[in-house]
Structures are given as C-alpha cells and as structure tokens.
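As structure tokens, one chain now follows by itself in the form predicted on its own.
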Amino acid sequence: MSFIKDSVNRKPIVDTVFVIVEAARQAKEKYGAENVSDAVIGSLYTEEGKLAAFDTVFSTLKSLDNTHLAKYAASFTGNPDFQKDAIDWVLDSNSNLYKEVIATPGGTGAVGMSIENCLEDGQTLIIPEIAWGSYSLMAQMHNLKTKAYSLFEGDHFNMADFKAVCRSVMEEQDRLVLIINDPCQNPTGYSMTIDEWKEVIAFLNECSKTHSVVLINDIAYIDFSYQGRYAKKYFTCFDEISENVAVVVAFSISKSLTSYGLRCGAAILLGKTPEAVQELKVVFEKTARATWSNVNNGAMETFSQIMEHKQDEYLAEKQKYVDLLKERSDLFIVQADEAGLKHYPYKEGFFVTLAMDNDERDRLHAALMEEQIYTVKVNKGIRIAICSMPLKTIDGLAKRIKSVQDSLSK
C-alpha cells in the first residue's frame, strides 16, 4: 500500500549545502569562527560577517501599512504596477518583443512553472552540466529526464556541445526546452558574450523550423553583474527569435533586493507574436493559482516603491556591494592563478568553482573539512562562495586549498 502516486520520485532529498552549513557552524563553535574558512553560504554577507540586508529595501518594507502587508495581492498574476516595474527593470528597454509577467515565489517559481508546463511526462529538459542542483530536482518531480551540455571549451562557452545536445534531444521529441543561467552563472561565475548569445539565438531559430523551442533564461544574479546596465544588453538578441521560439526570463527579486526569505520573483514571457505569449500566460497563470495562489504582496509593493521612488538610492547601496564582490573575486582569482589552483572561467557573480573530476572533488572536499575549510560539491568541481566571505578569509585561501590538493596527489 502507498499513499503517493506510483510515478513520483521517492528518493529522499539530500541538500548538501545545508548539511555543510551545519558542519561549518559546529566547527566555528568548536574551533572559533576566526579559525574556520566558511566558503559555503550562497548569500551576500558584509565584511563583518552579517547577512547583507539593504537598508533601502527594508526601510521601505517596514514603512508599508500593516494592512498592506497583510492583504492579498491584486491578482494571482501579480500587482499591475509590479508587473510593469518588473518589465521595465529587467529588460531596461532592450526588447521589443511581446511580453507578459507572472509574479512567482522567487526565481525558483518561474523556472519551476516553465519546466512543468512546457514538457510532457518522459520528455527531456536540457540543462548545463555544471548547474544549480534544483534544475534536476524539478525535472524529477515532473517525471522528466535531463540531458546536460558541457559549459566550457577552454575559457569560453562550449557552443559545439550545446548544439550537439540540442540536436540529440530533437531526435527524441517534438520540442526543445532548455535552461541557460546567465549572466553570473551559478556556480561558475561565467557570463556569456553578446556574440555567444547571438549564436545561440540563431541556432535556436534553426531548431524552431522543425521543433517548438522554449528558452528559460535564469537571471537570478543579474543585478550583481560587474557590468551594470550593460549586463542587460544581451536581451536585444532575443528580438531576433523566430515565431516558433519563446523565452521565459526567470527573475529573482529575492536575490536583487537581498530579501531571500520574502520569496518574490517573476516569470517574464517573451515572444514574437501576441498569440505565443498569450498561450504561455494562460497556462502559467492557472499554474500560479493552483500552486501558490498569491505572491507576497508586501514584497511586490516594496519592489515597486523602490523602482518608482528610490531607485537611485537602491542603486547606490547595491553598487557598494557589487564593488565589494569584485574586490573579493579579484583577490581569490589572482591568488588562485598564482597558486596554480585550476578553476572554471570566472567573470562575475557570487561563486567561483574549482575544476576537477568528481572523484578528486570528493577526496578534496573531505580533506578540506579536516583543515576547517568548508565548501560545496557541485558536478565536476567545488564551489567557493566568495559572496559570503570577508576579504581577510579569502586572503590566502587559494594557496591553502592548493596545498591540500597537492598533498592528496602524493
């Protein structure tokens, strides 16, 4: 006898990040925080070791009337001003496509509803080989398979393997649904060039001659790009999509506003024709209503208030942390290169990932913990969360990791 449907994946979830977070916490209690290198936490922290929470954001949130915080949003698709502000902020006048917005609980909601609605049971979702683990989990929960494309060829995007994987999946099914996490890719910190994006769109247009195509562009970390507004310029490439290609931009307000627990985001639906966008919108809004019903009204209102009245203040505060993130990443990358510590091509973002096969990864990860260095295992590498480490912790870390790595090879 069973209480759940036969088709569901029953394997218990093992969240490796939170397991290591707890191990690092215990180590700090035992050895003292100053003697532990915690490269685990994937949230932005101050140099004083506290979670960064933008004053602009939370002073705005706290200024809202209690009844405003308590009530439902105007619609299960999001408040009208929020929908407009999300489009204006994210696309920044870089797209002339038809567009609609569905409010979601974080960027996760946007990615999840896209996967759920665009593939049939048993079909294949295309994902990066090195990626946020929840992509695979979402696929499992909707009875989908995954096929991964290699992210890198040398120091650039592996266009050849990306195309080969798409062609392979096209032989098995009538549609392509694929995820590209860019810019500030989690967990490698890579950002594609505009020329790389142009080639991707041209290729997807070719695919769309025989298959429908849905591109899910996960932009969770875009507002911490070192490029500022230029980071959104690649959206102009999307204007070249064919009528048989749709784009879902998964936006995380939780990340952009350092309000991780408020769970707010948006699925921005883009298409060449209003009919294409409307088809997605109808199904997505029903999914929203049936799954979470309503997104946090206070979070949406906070976002809109900042976009409409405090944008300059928010940008100035955010830039201080972007500059800090760059200072941290510059220090780690320089010292890693000096030490000969191999990593994937990093350009910007919260994480750097050390490059190695999974056998070496497992051995090194365990050995590092014996030296009170706590990291996160990802496919073909070890993730270093520079976002949460103060400069004093980063300084010398690469050399220490390389020393442990060398000792394993002796």
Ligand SMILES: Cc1ncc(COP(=O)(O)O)c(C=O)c1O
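Note that the structure is predicted; figures quoted are calculated from it, not measured. One rule holds for the numbers: they count along the sequence shown, beginning at 1.
There is also a form predicted together with the ligand; it is not shown, and the following applies to it.
Engineer: In the predicted complex, does Ala220 have a heavy atom within 4.5 Å of the ligand?
Structural biologist: So Ala220 counts as contacting the ligand.
Engineer: Spell out, yes or no, whether the shortest heavy atom distance between Arg263 and the ligand in the predicted complex is within 4.5 Å.
Structural biologist: Contact check for Arg263: yes, within 4.5 Å of the ligand in the predicted complex.
Engineer: Report whether the minimum heavy atom distance between Asn181 and the ligand in the predicted complex is within 4.5 Å.
Structural biologist: Result yes; Asn181 sits at the interface with the ligand in the predicted complex.
Engineer: With a 4.5 Å heavy atom cut-off, would you call Asn186 a contact of the ligand in the predicted complex?
Structural biologist: Yes, Asn186 sits close enough to the ligand in the predicted complex that at least one of its heavy atoms falls within 4.5 Å.
Engineer: What is the one choice in Thr108, Ser95, Gln83, Ser225 with a heavy atom within 4.5 Å of the ligand in the predicted complex?
Structural biologist: Selected residue: Thr108.
Engineer: Taking 4.5 Å between heavy atoms as the contact cutoff, choose which of Trp132, Phe162, Trp89, Tyr234 touches the ligand in the predicted complex.
Structural biologist: Looking at Trp132, Phe162, Trp89, Tyr234 one by one, just Trp132 meets the 4.5 Å heavy-atom criterion.
Engineer: Of 212-220, 308-316, 241-249, 151-159, which is the one stretch near the ligand in the predicted complex, taking non-hydrogen atoms within 4.5 angstroms as near?
Structural biologist: Checking each option against the 4.5 Å cut-off leaves 212-220.
Engineer: Since the partner is left out here, which residues of 227-257 would have a heavy atom within 4.5 Å of the ligand in the predicted complex?
Structural biologist: Stretch hits, in order: Ser252, Ser254, Lys255.
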